[in-house]
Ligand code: C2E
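What follows is a single chain, given as C-alpha cells, in the form predicted alone.
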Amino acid sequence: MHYQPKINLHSGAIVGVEALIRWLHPQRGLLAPAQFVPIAEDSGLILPNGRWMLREACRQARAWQDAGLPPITVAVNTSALEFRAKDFLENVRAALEASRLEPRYLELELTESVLMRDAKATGSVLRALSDLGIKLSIDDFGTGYSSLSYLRQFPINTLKIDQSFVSRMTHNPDDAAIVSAVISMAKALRLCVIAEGVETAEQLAFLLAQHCDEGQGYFFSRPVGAEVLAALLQTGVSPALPH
C-alpha cells in the first residue's frame, strides 16, 4: 500500500491521504494499478483485493494515530463490484472495528458511474455509510455520467476534480472554466472540493485564486510508503516539482 497526501491549499497542512495499491512483482518490480487491476476485475480478485485495501488502510491510519501523529482521513477507492457486493457494509464496519479507527477518519471514493448504476439501491447504501460517520467523495468528477441530481440525492461530502481538467486548466480556457465552475458549485452546495493531479506552481496559484479547498499531486508528493508518510506528517510537505 502507498499513500498520497491531500493538502489544505490554504494552510499547507496534510489533511488526508489516498490509499493506493501497488504490486511488488518478483521479476518486474513495483507495478502500478493500471497494469494489474483490470486483470483483478476480470478474474474476480478485485473483491479480496479491495477488502484487504480497506482493512490495511484503516489499520495504518489508526497506527499513525497511536504513534502520536496528527489524525488524518484515509481515502480508499471503491470499485463497482465491491460496492454492489451484499456484504459491503458489513466489511466496512468490520474493518473499522478491527482497526479501532473512528469512522470520521475513513473516506470512500466512488466514481459517478458506480453511483448512477442503480440510484435507489445506491442511496440506501450511501445513507448507511453516512450514518456511520464515514465521508463520501466523488472521484474523477465530470468524467462519468455527470448527472448533477445525485448531488442533492446522496449524502456526498467531497467533489474531486479529475486531473484531466487540472492538467490543462492553465493553458486551456475551457478547462479553466470547468474547474472554476465545479469549485463554485461545490462551494454553493457546501461541499469540500479537491483537485487531483496538481503538478506545477502555476496550477496551484490558479486553484488558490479560485478558492479550491484541497490539492493532491506530484507538486506536493508522490505516493509513498507508510513510513515515509509518517515522516511527512511530522515535518510537513515541501512542494517540489517531479523529476
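On a predicted model such as this, the values are computed, not experimentally measured, just so you know. So that there is no doubt, residue numbering starts at 1 and follows the sequence shown.
Just so you know, the form predicted together with the named molecule exists too; it's not on screen, but the next bit is about it.
Of the listed positions (143, 73, 163, 170), a single one reaches within 4.5 angstroms of the named molecule by any non-hydrogen atom in the predicted bound form, namely 163.
For the options 37, 191, 47, 176, the residue carrying a heavy atom within 4.5 angstroms of the named molecule in the predicted bound form is 37. Although the partner is absent from this view, residue 56 stays clear of the named molecule in the predicted bound form, with no non-hydrogen atom inside 4.5 angstroms. Residue contact with the named molecule in the predicted bound form: residue 130 places no heavy atom within 4.5 Å of it. When contacts are judged by a 4.5 Å heavy atom cut-off, residue 198 counts as touching the named molecule in the predicted bound form.
The shortest heavy atom separation between residue 223 and the named molecule in the predicted bound form is within 4.5 Å. Stretch-level contact analysis of 149 to 157, 95 to 103, 75 to 83, 119 to 127 against the named molecule in the predicted bound form, using heavy atoms and a 4.5 Å limit, identifies 75 to 83. The three marked residues, 4, 33 and 218, each reach the named molecule in the predicted bound form, with a heavy atom inside 4.5 Å.
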